[in-house]
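Consider the single chain below, provided in structure tokens and representing the form predicted on its own.
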């Protein structure tokens, strides 16, 4: 009776459900089989990774020596670099892995990048990089000349601070250049300490904090050319500073 009931129950199940059940069972069996074949035997012994990976890593040939090994033989360069903007950049970032040089200094001389294309890997203009990070347009910035002809890699302080805000704020400069504020100098809205060009993160420019600042040009009674858009500061977005709604570098208002 039990077997007959089971057959009746199976017959009552829709055909597509039986097919899906069979496919699901095959997938489960395949996953179990694949785990036995593909998952390393030592996986999970010491955490969620292959325990034998430690032995594989230890067996690899050592390539990097570490900055401490470089400082032992080159203290003068280490002192100079330690006071520069490159103090956080390891020697082997530019010179490559130098374990062989440490073991046999006369047989293995570290390469030094001298081609122009190397430094822009970090300093070529890229809008995703942090604001204030030194960036240049490799096509326009002293074209053809190698970077080391002006900058000492161990102390890459520029020969003189940037003369234009666009030197570091390229994305803002490109945006502002096609806006209604294109002709306004940056210092009209920002008070910039002269030390900002040398230590941009320690000396940040100020920005307007009151509605009246923008009102000097855009208030209804402002003494400015008639083609400039005007608003009633008392009723237009009260309670908000203007730049909370209007992007100053590309204001959309007409």
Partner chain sequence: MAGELPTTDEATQDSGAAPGRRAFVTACGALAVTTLLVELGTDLEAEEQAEGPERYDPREHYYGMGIDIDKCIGCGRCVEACKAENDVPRDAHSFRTWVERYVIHADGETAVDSPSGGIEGFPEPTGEAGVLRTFFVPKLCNHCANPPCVQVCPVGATFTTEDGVVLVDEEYCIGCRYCIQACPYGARFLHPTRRTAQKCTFCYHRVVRGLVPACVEVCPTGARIFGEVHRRSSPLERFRRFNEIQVLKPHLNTDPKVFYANLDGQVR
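Residue numbers count along the first chain shown, from 1. In this text, all values refer to a predicted model and were calculated from it rather than measured experimentally.
Same protein, other form: the form predicted in complex with its partner chain, not shown, and the subject of what follows.
For the chain shown alone, residue 61 is a contact residue for its partner chain in the predicted complex, at least one non-hydrogen atom being within 4.5 angstroms.
Taking the partner from elsewhere, residue 122 is found to have a heavy atom lying within 4.5 Å of its partner chain in the predicted complex. Within 4.5 Å of some heavy atom of its partner chain in the predicted complex lies at least one heavy atom of residue 92. For residue 204, no non-hydrogen atom is located within 4.5 Å of its partner chain in the predicted complex, even though that partner is not displayed.
Screening 116, 80, 129, 141 for any heavy atom within 4.5 Å of its partner chain in the predicted complex leaves a single hit, 129. Note on contacts: among 229, 185, 33, 40, the single residue with a heavy atom within 4.5 Å of its partner chain in the predicted complex is 40. Shown alone, this chain has one stretch from 188 to 196, 210 to 218, 22 to 30, 61 to 69 that lies within 4.5 Å of its partner chain in the predicted complex by heavy atoms: 61 to 69. Using a 4.5 Å cut-off on any heavy atom, the residues of 95 to 110 that reach its partner chain in the predicted complex are, in sequence order, 97, 102, 103.
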